[in-house]
Each structure stands twice: as structure tokens, then as C-alpha cells.
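Below you'll find only one chain, the form predicted alone, shown as C-alpha cells.
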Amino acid sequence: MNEVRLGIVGLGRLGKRHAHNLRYRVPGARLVAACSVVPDELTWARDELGVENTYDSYDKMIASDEIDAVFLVSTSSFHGEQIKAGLAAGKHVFSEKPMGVTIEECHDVEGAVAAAPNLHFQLGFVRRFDPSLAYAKQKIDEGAIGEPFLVRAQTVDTDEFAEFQIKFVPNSGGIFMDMNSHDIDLARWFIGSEIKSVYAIGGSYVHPGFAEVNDADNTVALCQFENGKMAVISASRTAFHGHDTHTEITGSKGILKIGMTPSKNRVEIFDDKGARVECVQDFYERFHEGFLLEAQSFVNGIIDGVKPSIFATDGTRATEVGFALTQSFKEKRVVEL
């Protein structure tokens, strides 16, 4: 195999980005099909990308012999069933996170992946493919900061999206599931251990509507790992300066800081407002290189027969910790995993 024929599912804001990458920027990928229940999205795929086959039914798409793999960018609640169905149809599967919306569903997906050892499954923990975060992991593995013992990670979105998100909380699982799964995954990746207990606090400090659905707009969580090391994970829906995602790893011999100032580029502006840098405005702008590299990794893995470095168990662990953080926040207590 020297190319992978792909069908993408879901063409919303992120789905369109993935589709564009697969169509034009990923060597070895050929985007031949698109699936959506939104007619305008299928029209976009045909007119803008020249996609050959469009479907309003996932079952019909995976029944086609014209595709080798599916790329799932659908609604989170569909991921688990679509992963299992894709694997059962003999297709390689890439899925955006989360892998499932319940722990039981994640375990079911783990079983389906294990039952299909000849198929390639990759979960979209895109931050592992971000060049700066990947370089930080390399430095940790080289012993550059000694023994890492503390990770501080945050995901902060711009306030303009906050009110819009309130109606999705009941289905998204809330702020920890929606915003911190990548931070949880990075903390596990950098520390090399599993989280054993969590304590989360927060509130609806800017948008009271989140409290009405038993959620928050700003949170902080303290996590302890099985090996005794620590992570502090925070989230905010209310930034006014831009999308502010950064990570800090403290070790016995030094500290690594990644993206502490969310600069749009290296330009510094000196004007009547003072000296400043412009910020990135959304998650895709911050991680656009990572999204491209993870898609390339998926395609290369299929062509070369190399299994991914992210496993189904990573998806389950992130979900388990996300649920524990939510439980801790709601019950105002430490939760053991």
C-alpha cells in the first residue's frame, strides 16, 4: 500500500480543517469520501475539495470497498459506536477525542481495538504531536531537567465562546471533560505514571449560566500520581486576550516551560497602547502543526505497518480522570481512582 483512501465523518469547524489537510497536505492520503447529516457540509466537500463520494449514513460509507480508513470528527457521543463499527467493517480508524463518553464505552472500544490487531487505531491527542511539546518530552527522556515531579497545565478559551457552550454542557460532560482531557493526557505522558487521586474546585465567576447546569467557567484541580508526583490542571472559558494553553514541567534539575505567552508570532508591537504581542485566538491556530502531524502519523502508520504510540488505554485513562475531576468538583471532596 502506497496510499490510504480515507472517508471523513463530520465537517464542522474542526472537521473542515482535517479534511483540508487530508486532501491537500498529507502525502499518502487520498480523501475519497465524506459523511455528514448536514447537507451543506457535503456540498462543501464536493465543491471545495472535490470529494468523490458523499454519504448521509455512516453505515453506508463503511460498507464501501472504496475506502481503507475512516477519520472521525463527529459529535463526541458518536465516537465509541463509530470506532467499533469502523473496525468491525475492516477499516483503519482515527478518532478525535474523547474515545467514549462513559468509562464502560471506553472499555468496549479497548476490546474492539484488541480484537482487530491488524487494523490501525489512533486517538486524536493532538498535543503529543505539537513540535514544542514533543521536544519537551524528548528533553525529559534525555534527563535534561532531572526527575520530573510536577506538571502545571492549563487550557483557556476566549470568553466570546462561553455563553454558546452552556447548552452543550449536559452532553459534553462539563468543563473537565470538555477542556482538560489533553492536559490530563500530557501530565500522564510527562510524568510516566497514572493519576490516583484528584481534588477539583471552581465556580461560575463570569457566566452564572454554567452554575445552572451544575458546571463552572473556571476550575483548578490538584492531582497525585501513583508514584507520588503531582499535577495542577486548570481550565477557563473566560479569557479576553486569546486562546491561552500552556504547560510547565518541573524536575529535580530544572524546569521546562512551553507556550507561557500565547504569541501569535514573533512580532512585538510598540504603539500608543504600549509594547505588546498579539495572541493566538483559538485551539486550531495554536496547534495547527500538531493536527497536520497527527494526520500524517496516522497515514504513515497504515502504509508502513507501524502501530501508533497513543493507545486505546490512553483514551480510557483520560476519561476516567475527567469523570473523577467532575465528581470531585460536584461533591467537594478528594476522589480516589
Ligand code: NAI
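Note that the coordinates shown come from a computational prediction; the quantities given were computed from them, not determined experimentally. Residues carry their position along the shown sequence, with the first being 1.
Separately, the form predicted in complex with this ligand exists; it is not shown, and the next lines address it.
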Query raised in the report: Taking 4.5 angstroms as the cut-off for heavy atoms, does D108 touch this ligand in the predicted bound form?
Result: no
Requested in this report: With heavy atoms only and a cut-off of 4.5 Å, decide whether H79 touches this ligand in the predicted bound form.
Outcome: yes
Query - Non-hydrogen atom contact C35 with this ligand in the predicted bound form at 4.5 angstroms - result: yes
Query - Proximity of Y135 to this ligand in the predicted bound form, heavy atoms at 4.5 Å - result: no
Report summary line: Only hit among L11, A318, L22, L325 for heavy atom within 4.5 Å of this ligand in the predicted bound form is L11
Query raised in the report: Judged by heavy atoms and a 4.5 Å cut-off, are K97, G124 and H182 together in contact with this ligand in the predicted bound form?
Result: yes
Requested in this report: Look at the stretches 248-256, 113-121, 218-226, 68-76 and give the one with heavy atoms within 4.5 Å of this ligand in the predicted bound form.
Outcome: 68-76
Query raised in the report: Which residues in 166-184 have a heavy atom within 4.5 Å of this ligand in the predicted bound form?
Result: F168, D178, H182
